[in-house]
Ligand SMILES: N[C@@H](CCC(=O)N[C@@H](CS)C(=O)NCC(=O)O)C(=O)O
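Taking the form predicted on its own, here's one chain by itself in structure tokens.
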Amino acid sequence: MKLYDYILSPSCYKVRLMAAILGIKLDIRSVDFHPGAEHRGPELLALNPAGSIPILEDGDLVLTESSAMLAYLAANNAPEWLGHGSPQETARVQQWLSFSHRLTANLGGARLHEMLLRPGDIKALQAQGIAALRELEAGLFERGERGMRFLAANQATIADIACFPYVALAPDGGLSLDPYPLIRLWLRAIRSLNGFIEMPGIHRLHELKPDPLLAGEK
């Protein structure tokens, strides 16, 4: 199974992270995304005419959307990561997967603007990002009222992996996570999963600040 990958891409990272948690070995094919724009060259456009990465190849199957890759990895190796099949849980997983695409657009857009000087209206991107973070914080509060630590179920699902990277890297786009204690707790819960791996800017659990609910206790 081959992943066309860029080390600084949160969308690529979520596929690497899912594979690591499930114990799946990927054949990594590094792509010169920046500055080389290899993803828009003839070889990769033949695989994905949209000119984006990641791209996952498994035999004759070629996937070009990260959410589909997460679903494929889970379905083949650990179906519980798709949820447990109730209509409500299935709907929640799908809703948060859709939400993850909005995170890519706003938090990801702000990060590309700040890190790679990608053109864009940074004020609008940051405003949209703040709205998304507030929506996520509210969703986590509602989940917490039901005794749930994760977005769609009592355990992590592909929805959590889909949303995690762009939220964790929001500070790269100029958006602080300090106002969102429930988001920070959720990020910690994902970082504590067995098999968790890092990417630049996302570190292991022991390198984090103190638990936001305990930080004020002495």
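Position 1 is the first residue in the sequence shown; the rest follow in order. What you see is a predicted model; the values in this text were computed from it and never measured.
The discussion below concerns the form predicted in complex with this ligand, not included here.
Enquirer: If the cut-off is 4.5 angstroms on heavy atoms, which of these, Ala71, Leu136, Ile130, Leu112, is the one near this ligand in the predicted bound form?
Expert: It is Leu112 that has a heavy atom within 4.5 Å of the partner.
Enquirer: Just one of 181-189, 22-30, 46-54, 146-154 has heavy atoms within 4.5 Å of this ligand in the predicted bound form; which?
Expert: The contacting stretch is 46-54.
Enquirer: Does this ligand come within 4.5 Å of any heavy atom of Gln126 in the predicted bound form?
Expert: No, Gln126 stays farther than 4.5 Å from this ligand in the predicted bound form.
Enquirer: In the predicted bound form, is there a heavy atom of this ligand that lies within 4.5 Å of any heavy atom of Asn106, even though the partner is absent here?
Expert: The answer is no: Asn106 has no heavy atom within 4.5 Å of this ligand.
Enquirer: So in the predicted bound form, is this ligand close enough to Glu65 to count as touching (4.5 Å, heavy atoms)?
Expert: Residue-level check for Glu65: yes, a contact with this ligand.
Enquirer: How about His84 - does it come within 4.5 Å of this ligand in the predicted bound form, if we only consider non-hydrogen atoms?
Expert: Close contact is absent here: in the predicted bound form, His84 is far from this ligand, nothing within 4.5 Å, heavy atoms only.
Enquirer: Within 1-17, which residues have a heavy atom closer than or equal to 4.5 Å from this ligand in the predicted bound form?
Expert: If the 4.5 Å heavy-atom criterion is applied to this ligand in the predicted bound form, 1-17 yields Ser9, Pro10, Ser11.
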